[in-house]
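Only one chain is shown below, in C-alpha coordinates, and it's the form predicted on its own.
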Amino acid sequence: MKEIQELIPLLESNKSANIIITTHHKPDADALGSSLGLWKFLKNQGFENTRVLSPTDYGTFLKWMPGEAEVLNFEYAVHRGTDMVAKADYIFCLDFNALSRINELGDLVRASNAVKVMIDHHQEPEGFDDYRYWTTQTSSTCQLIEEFIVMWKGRDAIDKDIANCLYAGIMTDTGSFRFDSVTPHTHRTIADLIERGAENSRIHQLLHDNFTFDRMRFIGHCLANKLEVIPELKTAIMYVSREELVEYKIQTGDTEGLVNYGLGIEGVEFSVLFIDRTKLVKISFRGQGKFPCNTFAKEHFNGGGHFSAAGGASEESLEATVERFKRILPEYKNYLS
(Lines give C-alpha, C1' and ligand atoms only; values in the text may rest on other atoms or scores of the structure.)
Protein backbone atom coordinates (compact mmCIF):
# COMPACT_ATOMS: atom_id res chain seq x y z
CA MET A 1 0.00 0.00 0.00
CA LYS A 2 1.40 3.40 -0.98
CA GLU A 3 0.83 6.69 0.80
CA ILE A 4 -1.13 9.28 -1.13
CA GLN A 5 1.78 11.74 -1.17
CA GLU A 6 3.50 9.48 -3.68
CA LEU A 7 0.55 9.84 -6.04
CA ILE A 8 0.79 13.61 -6.45
CA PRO A 9 3.79 13.75 -8.84
CA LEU A 10 2.24 11.01 -10.98
CA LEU A 11 -0.95 13.04 -11.35
CA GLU A 12 0.96 16.25 -12.02
CA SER A 13 2.75 14.56 -14.92
CA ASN A 14 -0.49 13.54 -16.65
CA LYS A 15 -3.13 16.27 -16.68
CA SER A 16 -5.01 14.46 -19.46
CA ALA A 17 -5.67 11.39 -17.32
CA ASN A 18 -9.20 9.99 -17.16
CA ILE A 19 -10.24 10.31 -13.51
CA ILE A 20 -13.37 8.94 -11.85
CA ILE A 21 -14.46 9.92 -8.36
CA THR A 22 -16.99 7.63 -6.70
CA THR A 23 -18.53 7.18 -3.26
CA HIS A 24 -20.85 4.86 -1.38
CA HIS A 25 -24.45 4.12 -2.41
CA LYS A 26 -27.12 6.59 -1.31
CA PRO A 27 -24.49 9.29 -0.69
CA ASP A 28 -24.87 11.61 2.29
CA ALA A 29 -23.44 15.11 2.60
CA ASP A 30 -19.96 13.87 3.51
CA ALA A 31 -19.88 11.44 0.59
CA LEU A 32 -21.16 13.87 -2.03
CA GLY A 33 -19.41 16.89 -0.52
CA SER A 34 -16.01 15.20 -0.52
CA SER A 35 -16.55 13.93 -4.08
CA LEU A 36 -17.56 17.33 -5.47
CA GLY A 37 -14.91 19.16 -3.45
CA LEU A 38 -12.20 16.94 -4.93
CA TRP A 39 -13.80 17.17 -8.40
CA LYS A 40 -13.72 20.98 -8.35
CA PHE A 41 -10.13 21.03 -7.08
CA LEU A 42 -8.95 18.70 -9.85
CA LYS A 43 -10.85 20.71 -12.44
CA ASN A 44 -9.18 23.88 -11.17
CA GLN A 45 -5.80 22.19 -11.54
CA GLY A 46 -6.42 21.38 -15.21
CA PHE A 47 -7.65 17.78 -14.97
CA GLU A 48 -10.45 18.23 -17.47
CA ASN A 49 -11.29 14.53 -17.84
CA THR A 50 -12.61 14.18 -14.30
CA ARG A 51 -16.12 12.96 -13.43
CA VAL A 52 -18.08 12.04 -10.32
CA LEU A 53 -19.87 8.69 -10.71
CA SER A 54 -22.40 7.90 -7.98
CA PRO A 55 -23.57 4.29 -7.64
CA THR A 56 -27.13 5.46 -6.84
CA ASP A 57 -29.30 8.53 -6.44
CA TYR A 58 -29.25 10.74 -3.31
CA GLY A 59 -31.45 13.16 -1.44
CA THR A 60 -32.77 16.29 -3.14
CA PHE A 61 -31.48 18.33 -0.18
CA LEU A 62 -27.96 17.77 -1.56
CA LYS A 63 -28.65 19.05 -5.06
CA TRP A 64 -27.58 22.62 -4.20
CA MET A 65 -23.93 21.58 -4.04
CA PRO A 66 -21.70 23.25 -6.65
CA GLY A 67 -21.09 20.83 -9.54
CA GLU A 68 -23.92 18.46 -8.55
CA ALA A 69 -25.47 18.71 -12.03
CA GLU A 70 -22.34 17.04 -13.43
CA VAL A 71 -22.70 13.89 -11.28
CA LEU A 72 -23.57 10.75 -13.24
CA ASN A 73 -25.89 8.25 -11.52
CA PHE A 74 -24.70 4.76 -12.44
CA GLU A 75 -28.18 3.26 -11.92
CA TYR A 76 -29.55 5.48 -14.67
CA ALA A 77 -26.55 5.23 -17.00
CA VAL A 78 -25.12 1.73 -16.64
CA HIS A 79 -23.57 1.50 -20.12
CA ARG A 80 -22.02 4.95 -19.94
CA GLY A 81 -20.73 4.36 -16.42
CA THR A 82 -19.30 0.98 -17.40
CA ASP A 83 -17.45 2.58 -20.30
CA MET A 84 -16.10 5.32 -18.02
CA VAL A 85 -14.69 2.76 -15.58
CA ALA A 86 -13.14 0.76 -18.44
CA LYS A 87 -11.33 3.88 -19.71
CA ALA A 88 -10.32 5.26 -16.30
CA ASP A 89 -6.67 5.86 -15.43
CA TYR A 90 -7.42 6.72 -11.80
CA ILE A 91 -10.43 5.93 -9.62
CA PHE A 92 -10.81 7.86 -6.37
CA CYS A 93 -12.96 6.00 -3.84
CA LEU A 94 -14.24 8.38 -1.16
CA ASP A 95 -16.01 7.74 2.15
CA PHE A 96 -16.01 3.95 1.86
CA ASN A 97 -13.39 1.22 2.08
CA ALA A 98 -15.15 -1.93 0.82
CA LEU A 99 -16.28 -2.32 -2.78
CA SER A 100 -19.56 -3.88 -1.69
CA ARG A 101 -20.55 -0.34 -0.61
CA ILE A 102 -20.90 0.73 -4.25
CA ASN A 103 -23.14 -2.15 -5.30
CA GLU A 104 -22.74 -3.42 -8.89
CA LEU A 105 -20.21 -0.69 -9.58
CA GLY A 106 -17.86 -2.43 -7.16
CA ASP A 107 -17.29 -5.39 -9.50
CA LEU A 108 -16.31 -3.03 -12.30
CA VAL A 109 -13.91 -1.09 -10.09
CA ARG A 110 -12.31 -4.29 -8.80
CA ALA A 111 -11.73 -5.55 -12.35
CA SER A 112 -10.44 -2.19 -13.62
CA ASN A 113 -6.77 -1.68 -14.41
CA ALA A 114 -7.01 1.91 -13.16
CA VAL A 115 -4.97 3.11 -10.22
CA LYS A 116 -7.32 3.00 -7.22
CA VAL A 117 -7.10 5.67 -4.54
CA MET A 118 -9.01 5.39 -1.25
CA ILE A 119 -9.69 8.39 1.00
CA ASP A 120 -11.79 7.36 3.98
CA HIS A 121 -12.30 7.41 7.76
CA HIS A 122 -14.11 4.11 8.44
CA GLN A 123 -12.67 1.05 10.15
CA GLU A 124 -11.25 -2.10 8.56
CA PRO A 125 -10.38 -1.24 4.94
CA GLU A 126 -10.86 -4.10 2.52
CA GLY A 127 -7.54 -3.46 0.79
CA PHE A 128 -8.58 -3.03 -2.86
CA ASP A 129 -6.69 0.28 -3.19
CA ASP A 130 -3.24 1.11 -4.54
CA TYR A 131 -2.90 4.45 -2.73
CA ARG A 132 -4.65 5.51 0.45
CA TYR A 133 -5.24 8.44 2.75
CA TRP A 134 -7.03 6.81 5.66
CA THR A 135 -7.55 7.27 9.38
CA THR A 136 -10.36 6.61 11.84
CA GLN A 137 -9.23 9.55 13.93
CA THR A 138 -10.88 12.28 11.91
CA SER A 139 -14.46 13.46 11.75
CA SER A 140 -15.23 13.08 8.07
CA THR A 141 -13.94 12.34 4.60
CA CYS A 142 -14.45 16.01 3.74
CA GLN A 143 -11.85 16.91 6.33
CA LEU A 144 -9.43 14.43 4.73
CA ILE A 145 -10.06 15.99 1.31
CA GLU A 146 -9.28 19.41 2.78
CA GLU A 147 -6.01 18.01 4.13
CA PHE A 148 -5.20 16.38 0.79
CA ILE A 149 -5.74 19.64 -1.09
CA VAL A 150 -3.61 21.57 1.40
CA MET A 151 -0.92 18.88 1.19
CA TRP A 152 -0.87 19.19 -2.60
CA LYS A 153 -1.38 22.87 -3.36
CA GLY A 154 -1.87 24.76 -0.09
CA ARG A 155 -4.96 26.45 1.37
CA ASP A 156 -5.18 28.99 -1.42
CA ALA A 157 -6.32 26.18 -3.73
CA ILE A 158 -9.63 25.99 -1.86
CA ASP A 159 -12.17 28.25 -3.58
CA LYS A 160 -15.70 29.10 -2.44
CA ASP A 161 -17.33 26.13 -4.19
CA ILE A 162 -14.88 23.67 -2.66
CA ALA A 163 -15.29 25.28 0.76
CA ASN A 164 -19.09 24.97 0.61
CA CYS A 165 -18.94 21.28 -0.31
CA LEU A 166 -16.41 20.41 2.36
CA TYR A 167 -18.16 22.44 5.06
CA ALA A 168 -21.42 20.56 4.43
CA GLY A 169 -19.78 17.16 4.88
CA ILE A 170 -17.89 18.09 8.02
CA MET A 171 -20.96 19.71 9.57
CA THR A 172 -23.23 16.72 9.00
CA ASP A 173 -20.75 13.99 9.91
CA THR A 174 -20.06 15.71 13.22
CA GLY A 175 -23.76 16.18 14.04
CA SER A 176 -23.35 19.95 13.68
CA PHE A 177 -20.10 19.73 15.69
CA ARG A 178 -21.55 17.91 18.71
CA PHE A 179 -20.05 14.40 18.27
CA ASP A 180 -16.94 13.33 20.16
CA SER A 181 -15.06 13.04 16.85
CA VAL A 182 -14.79 16.85 16.82
CA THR A 183 -11.30 18.10 17.68
CA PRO A 184 -9.60 21.50 17.75
CA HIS A 185 -8.31 20.63 14.28
CA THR A 186 -11.90 20.21 13.10
CA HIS A 187 -12.81 23.69 14.26
CA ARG A 188 -9.66 25.19 12.74
CA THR A 189 -10.56 23.53 9.42
CA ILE A 190 -14.09 24.91 9.60
CA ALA A 191 -12.82 28.42 10.41
CA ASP A 192 -10.53 28.27 7.40
CA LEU A 193 -13.35 27.08 5.12
CA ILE A 194 -15.53 29.99 6.24
CA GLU A 195 -12.67 32.38 5.54
CA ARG A 196 -12.50 30.91 2.03
CA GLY A 197 -16.17 31.46 1.35
CA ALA A 198 -18.17 28.66 2.98
CA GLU A 199 -21.67 29.99 3.66
CA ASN A 200 -22.23 28.29 7.00
CA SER A 201 -25.70 29.67 7.78
CA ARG A 202 -27.01 29.04 4.26
CA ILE A 203 -25.62 25.48 4.24
CA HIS A 204 -27.33 24.67 7.52
CA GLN A 205 -30.62 25.99 6.15
CA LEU A 206 -30.31 24.00 2.92
CA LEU A 207 -29.55 20.77 4.76
CA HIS A 208 -31.74 21.02 7.86
CA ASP A 209 -34.46 23.60 7.28
CA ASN A 210 -35.63 22.49 3.87
CA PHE A 211 -38.07 19.62 4.53
CA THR A 212 -40.98 18.78 2.30
CA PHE A 213 -44.42 18.76 3.90
CA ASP A 214 -44.60 14.96 3.50
CA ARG A 215 -41.24 14.50 5.20
CA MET A 216 -42.28 16.69 8.13
CA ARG A 217 -45.53 14.71 8.53
CA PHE A 218 -43.53 11.49 8.37
CA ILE A 219 -41.20 12.60 11.16
CA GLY A 220 -44.20 13.57 13.28
CA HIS A 221 -45.79 10.18 12.65
CA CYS A 222 -42.62 8.34 13.65
CA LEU A 223 -42.18 10.32 16.85
CA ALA A 224 -45.84 9.98 17.83
CA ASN A 225 -46.49 6.38 16.81
CA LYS A 226 -43.28 4.50 16.11
CA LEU A 227 -40.94 5.54 18.92
CA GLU A 228 -40.37 3.06 21.75
CA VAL A 229 -38.10 3.47 24.77
CA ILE A 230 -36.55 0.62 26.75
CA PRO A 231 -35.67 2.62 29.89
CA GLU A 232 -33.82 -0.14 31.78
CA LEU A 233 -31.39 -0.40 28.86
CA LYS A 234 -31.30 3.31 28.01
CA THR A 235 -32.35 2.54 24.45
CA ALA A 236 -34.81 4.11 22.01
CA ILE A 237 -36.02 2.38 18.85
CA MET A 238 -38.14 3.33 15.86
CA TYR A 239 -39.30 0.99 13.12
CA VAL A 240 -40.85 1.94 9.80
CA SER A 241 -42.70 -0.38 7.42
CA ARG A 242 -42.58 -0.27 3.63
CA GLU A 243 -46.28 0.71 3.67
CA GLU A 244 -45.48 3.80 5.72
CA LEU A 245 -42.72 4.77 3.32
CA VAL A 246 -45.25 4.68 0.50
CA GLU A 247 -48.00 6.44 2.48
CA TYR A 248 -45.77 9.42 3.27
CA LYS A 249 -44.12 9.47 -0.18
CA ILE A 250 -40.67 9.03 1.29
CA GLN A 251 -37.84 9.72 -1.16
CA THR A 252 -34.12 9.04 -0.98
CA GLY A 253 -32.65 11.00 1.92
CA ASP A 254 -35.94 11.65 3.72
CA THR A 255 -35.04 9.33 6.61
CA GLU A 256 -31.64 11.00 7.08
CA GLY A 257 -31.13 11.98 10.72
CA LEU A 258 -34.30 10.29 11.99
CA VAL A 259 -32.31 7.93 14.21
CA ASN A 260 -30.78 10.86 16.09
CA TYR A 261 -34.10 11.89 17.63
CA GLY A 262 -33.89 9.03 20.11
CA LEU A 263 -30.69 10.42 21.59
CA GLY A 264 -32.58 13.62 22.43
CA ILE A 265 -34.55 11.76 25.11
CA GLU A 266 -33.23 12.19 28.64
CA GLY A 267 -31.40 9.07 29.79
CA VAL A 268 -31.16 7.44 26.35
CA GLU A 269 -27.65 6.40 25.26
CA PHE A 270 -28.45 4.10 22.31
CA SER A 271 -30.87 4.84 19.46
CA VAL A 272 -31.81 2.48 16.64
CA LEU A 273 -33.88 2.94 13.49
CA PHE A 274 -35.25 -0.02 11.50
CA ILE A 275 -36.57 0.61 7.99
CA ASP A 276 -38.13 -2.06 5.79
CA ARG A 277 -36.61 -1.46 2.35
CA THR A 278 -38.42 -4.48 0.79
CA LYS A 279 -35.34 -6.61 0.04
CA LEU A 280 -33.64 -5.85 3.36
CA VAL A 281 -34.39 -4.20 6.65
CA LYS A 282 -31.84 -1.40 6.91
CA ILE A 283 -30.74 -0.48 10.43
CA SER A 284 -29.06 2.67 11.75
CA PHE A 285 -27.33 2.68 15.15
CA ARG A 286 -26.37 5.82 17.09
CA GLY A 287 -24.81 5.91 20.52
CA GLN A 288 -23.42 8.23 23.09
CA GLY A 289 -21.31 7.29 26.04
CA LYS A 290 -19.61 3.92 25.92
CA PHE A 291 -21.90 1.84 23.66
CA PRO A 292 -19.90 0.31 20.72
CA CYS A 293 -22.31 0.73 17.80
CA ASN A 294 -19.84 -0.64 15.24
CA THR A 295 -19.15 -3.83 17.21
CA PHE A 296 -22.86 -4.43 17.81
CA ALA A 297 -23.65 -3.92 14.11
CA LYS A 298 -20.83 -6.18 12.96
CA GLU A 299 -21.56 -9.03 15.36
CA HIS A 300 -25.30 -9.21 14.84
CA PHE A 301 -26.46 -7.34 11.73
CA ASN A 302 -23.78 -7.73 9.01
CA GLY A 303 -22.73 -4.12 9.44
CA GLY A 304 -20.12 -1.79 10.80
CA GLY A 305 -19.10 1.84 10.93
CA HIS A 306 -17.90 4.14 13.67
CA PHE A 307 -17.95 3.62 17.42
CA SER A 308 -20.92 5.95 17.89
CA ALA A 309 -22.55 5.67 14.45
CA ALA A 310 -22.97 2.47 12.47
CA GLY A 311 -25.30 0.64 10.12
CA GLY A 312 -26.47 -2.87 9.43
CA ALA A 313 -29.07 -4.95 7.63
CA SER A 314 -31.29 -7.96 8.11
CA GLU A 315 -32.92 -10.38 5.65
CA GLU A 316 -35.67 -11.21 8.16
CA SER A 317 -39.00 -9.41 8.29
CA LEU A 318 -39.23 -6.07 10.07
CA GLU A 319 -41.04 -7.64 13.01
CA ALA A 320 -38.58 -10.53 13.31
CA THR A 321 -35.61 -8.15 13.09
CA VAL A 322 -36.91 -5.93 15.87
CA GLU A 323 -37.67 -8.95 18.08
CA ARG A 324 -34.18 -10.37 17.52
CA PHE A 325 -32.68 -7.01 18.40
CA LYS A 326 -34.65 -6.95 21.66
CA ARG A 327 -33.42 -10.44 22.54
CA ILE A 328 -29.79 -9.52 21.90
CA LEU A 329 -29.74 -6.11 23.58
CA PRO A 330 -29.65 -7.31 27.23
CA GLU A 331 -26.29 -8.98 26.48
CA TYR A 332 -24.89 -5.44 26.25
CA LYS A 333 -26.39 -4.09 29.46
CA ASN A 334 -22.92 -3.43 30.90
CA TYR A 335 -22.47 -0.73 28.23
CA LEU A 336 -25.85 0.79 29.08
CA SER A 337 -25.65 1.07 32.84
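Numbers follow the displayed sequence, beginning with 1. The model shown is predicted, which means the values in this text are computed figures rather than measured ones.
Only in words, not in the display: the form predicted in complex with guanosine-5'-monophosphate (5GP), which the text now covers.
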Residue within 4.5 Å of guanosine-5'-monophosphate (5GP) in the model of the complex by heavy atom, from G67, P292, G59, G304, is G304
Counting non-hydrogen atoms within 4.5 angstroms of guanosine-5'-monophosphate (5GP) in the model of the complex, say which of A310, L53, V272, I275 makes the cut.
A310
From the candidate stretches 264 to 272, 44 to 52, 277 to 285, 31 to 39, select the single one in contact with guanosine-5'-monophosphate (5GP) in the model of the complex, where contact means a heavy atom within 4.5 Å.
277 to 285
Is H122 part of the interface with guanosine-5'-monophosphate (5GP) in the model of the complex - any heavy atom within 4.5 Å?
yes
Look up in the model of the complex whether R132 has a non-hydrogen atom within 4.5 angstroms of guanosine-5'-monophosphate (5GP), and give yes or no.
no
Any of the heavy atoms of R101 lying within 4.5 Å of guanosine-5'-monophosphate (5GP) in the model of the complex?
yes
